[in-house]
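Just so you know, structure 1 and structure 2 below are the same protein chain in two forms, each on its own as structure tokens.
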Structure 1
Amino acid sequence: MGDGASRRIGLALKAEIGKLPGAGEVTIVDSGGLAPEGLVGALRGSRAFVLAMPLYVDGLPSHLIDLLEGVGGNFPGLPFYAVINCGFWESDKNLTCVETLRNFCLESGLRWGQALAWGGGGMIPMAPPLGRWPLRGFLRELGILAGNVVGGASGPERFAVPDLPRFLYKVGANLNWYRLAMKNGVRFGDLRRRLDG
């Protein structure tokens, strides 16, 4: 979990899982400030491990790397699922990270379940709830994932982007940086400042 988008995704997935018979309890654990022992403790007795995360420089956020290393060989056969979102439009930019997580499963003995790879993730903290335009498709995807999580099933990677034209997302994203600069009292010209002097 961690960032605004991941938290929203985690909560929405929890709700989707809760709709299904035989779902059992869903515990959401925030990775921020979590020690590796904390994750191991949270996973004990779990039927599945679902990770919702933002893509960081094409890969795992650093604190997640430590947490996953701490899993070690403690949970052989535990099904693992992931929802990865990135700010780029192209959802396949998450694929190298999916590979990294598959490697994690292989090394740790977890059973690979499924990964959802989402582009246009910049909209998730800001837009209407998942399930309403333009993020309707994302909730559908979470429903599919929820079914596999509850059933202990595996599935192929699935990709999704917001339901709006790509150029509109790009224009909106670029304008949003100016909005945030204004909010922080940063002059627009200073956004491009260089520190190599």
Structure 2
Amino acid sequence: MGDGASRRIGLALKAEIGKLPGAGEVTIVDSGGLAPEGLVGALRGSRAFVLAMPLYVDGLPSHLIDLLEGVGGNFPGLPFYAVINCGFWESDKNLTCVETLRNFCLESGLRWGQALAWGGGGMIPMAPPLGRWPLRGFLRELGILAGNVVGGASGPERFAVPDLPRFLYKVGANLNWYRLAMKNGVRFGDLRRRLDG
């Protein structure tokens, strides 16, 4: 975890796992300021490793790369699951990151479980509670992932987007940029001005 969306996802996944029989204790570890040794210590005795993260330039945030490299070889066979959210509407933008994490599992001895790739991640921190529109589908997807985590099962990669049309997502994103521009003294006409010439 690291950003607001990933924190919210982690807490929602913890709640979904907690609803299932035989789930056991769920520990959430925030990666901010965490050293690789701290992650290794947090994973000792765990039945699964679930990573909730934002997509950064089609890949993992740099601090997570360092943390994951420190895990390598310490937990052979431990099931690994990932929830990746990106600010793009299209959830398939997460595909390169999913493949990177699969390769990490191969190299580190972890057992690949499943990835849930979510588009429209920018709305997760601001949206109503998960399970309500427009994130009903996301909670449903988290429930499927939670079942696999508790059962130690693998599943196919899942790619999902919010329950609203793409154009509405774009309108909301642009309104937020306009609001920030106005707040910082940028006039509406300046947003459309061309800088060439």
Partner chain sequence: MTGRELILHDLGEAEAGAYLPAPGPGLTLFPALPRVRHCLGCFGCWVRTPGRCVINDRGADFAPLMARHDRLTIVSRLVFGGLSGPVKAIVDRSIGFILPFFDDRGGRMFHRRRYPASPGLRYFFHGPRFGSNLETAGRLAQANRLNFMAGSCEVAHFPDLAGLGEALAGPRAAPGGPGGALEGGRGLMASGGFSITGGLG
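Under this definition, the rigid core comprises the largest set of C-alpha atoms superposing within 1.5 Å between the forms. Numbers given to residues start at 1 and step along the sequence of structure 1. Keep in mind that what you see is a predicted model, and the values were worked out from it rather than measured.
A.B. asks: Which of the two shown corresponds to the form predicted on its own?
C.D. replies: Comparing the pair, one sees that structure 2 is the form predicted on its own and the remaining one is not.
A.B. asks: Residue 181: after superposing the rigid core, is there a C-alpha shift of 2 Å or more between structures 1 and 2?
C.D. replies: The answer is yes; the displacement is at least 2 Å.
A.B. asks: Quick one: how many Å does the C-alpha of residue 190 shift between structures 1 and 2 once the rigid core is superposed?
C.D. replies: Reported C-alpha shift between structures 1 and 2: 8.1 Å at residue 190.
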